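In structure tokens, the next block holds one chain alone, the form predicted alone.
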Amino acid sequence: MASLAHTIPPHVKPEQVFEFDIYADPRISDDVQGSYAEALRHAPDIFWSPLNGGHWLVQRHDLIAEVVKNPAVFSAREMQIPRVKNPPLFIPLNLDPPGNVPYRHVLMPKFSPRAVAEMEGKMRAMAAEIVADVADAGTCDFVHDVAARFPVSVFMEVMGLPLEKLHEFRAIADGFFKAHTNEEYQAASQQIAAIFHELIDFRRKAPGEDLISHFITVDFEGRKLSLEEIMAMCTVLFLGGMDTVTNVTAFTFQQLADDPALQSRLAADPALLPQFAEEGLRMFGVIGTPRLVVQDFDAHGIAFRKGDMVLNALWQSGRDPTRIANPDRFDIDRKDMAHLNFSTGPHLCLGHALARAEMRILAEEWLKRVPSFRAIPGAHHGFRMGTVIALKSLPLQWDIA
């Protein structure tokens, strides 16, 4: 149940109020992004929802870009809605520039396009093995059996996490994204901390080629990273790696399952898969990025006041009818696939090249073995709302030759 603010703050005009529950709005369906866009179609471009403690929501492409590029007013240091006491610190996510820049430099070599290209052979082999595990069955839950396994396995390989813990770790990440209270955040954060304390201790004794070993040994402005810094970096990577690519891939395949003509076209011409992946990213973004207003600021008729929370609904950026023609139509031939689902500016997601490669490779390996498939009729897929959207289940079936 969403918590109502006691009053609409005096700096919020009545016409700027639109009641919307980002965690459980009843207007949202299994077509999460599509129903989200429909629910907010007549809402102001920037509106105040009195639910979940009260916060602004920004839903237009260019306005979102303005907010995330203005950290002097809209700080990333708190990202929980409603606000909680003692919010967690994620590095570099919660650091405003220039504080985040040195940490991004530590991460960039591991997530650069060159590094991703060097991983492609290993990623393709992993994807082929995962698809082979289900291809002869004629049915699977695509989320559990494929979309959760492939990108998460790649991430776990990069981090040096034990692959046999995949579903256990996914459940922990899901618990964090479901959290609304300080107690729930703390419980999930403690579980994540325990994972990385154990792994860091192990890698201090036995360094490898993984990212944890890199954090332990890298020269950081003439010193080594502290344990606290490493833990804060590992936590944000864990939450992103365990959840986000899985989610956007699942939503994109939910769309593809209902489009046999596109399945045939992609299977016949894999050169189209980069466009397919990008259109999936545009239509099925899963990240909302909150900001804390740290100084009074007036723009676009809105009086942002210090202490306000702002949710930038990145998934709305690719559905913006003022920017994209026919934004609710999945079209891999469109020329403009503009979206901000990796954010932009000082907090542009470092993993964007890896995410694009993972979606492309998985689609190619899937269509090699399962060129024609469909959603199981009547199956309820289920979803999670919040600041990170997820599809819970995607039961698929196909004919076996």
Partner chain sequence: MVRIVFRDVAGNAQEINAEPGVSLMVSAKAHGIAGIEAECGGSMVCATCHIYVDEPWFSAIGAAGPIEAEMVEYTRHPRLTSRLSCQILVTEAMDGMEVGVPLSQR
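Quick caveat, the model's predicted, so the values are computed rather than measured. Positions refer to the first chain, counted from 1.
Not on display, but discussed next: the form predicted in complex with its partner chain.
- Contact here is defined as any heavy atom lying within 4.5 Å of its partner chain in the model of the complex, and by that definition not a single one of Pro44, Arg60 and Pro321 is a contact residue.
- Taking a 4.5 Å heavy atom cutoff to its partner chain in the model of the complex, the contact residue among Arg203, Arg83, His144, Arg104 is Arg104.
- Only one of the listed residues (Ala187, Met108, Ile216, Ala299) places a non-hydrogen atom within 4.5 angstroms of its partner chain in the model of the complex, and that residue is Met108.
- Annotated contact segment (heavy atom within 4.5 Å of its partner chain in the model of the complex): 351-359, selected among 35-43, 372-380, 50-58, 351-359.
- At a distance threshold of 4.5 angstroms between non-hydrogen atoms, Ala117 is in contact with its partner chain in the model of the complex.
- Although the partner is absent from this view, Lys69 contacts its partner chain in the model of the complex, with a non-hydrogen atom inside 4.5 angstroms.
- Residue contact check for Ser112: one or more of its heavy atoms lie within 4.5 Å of its partner chain in the model of the complex.
- The closest heavy atom approach of Glu78 to its partner chain in the model of the complex falls outside 4.5 Å.
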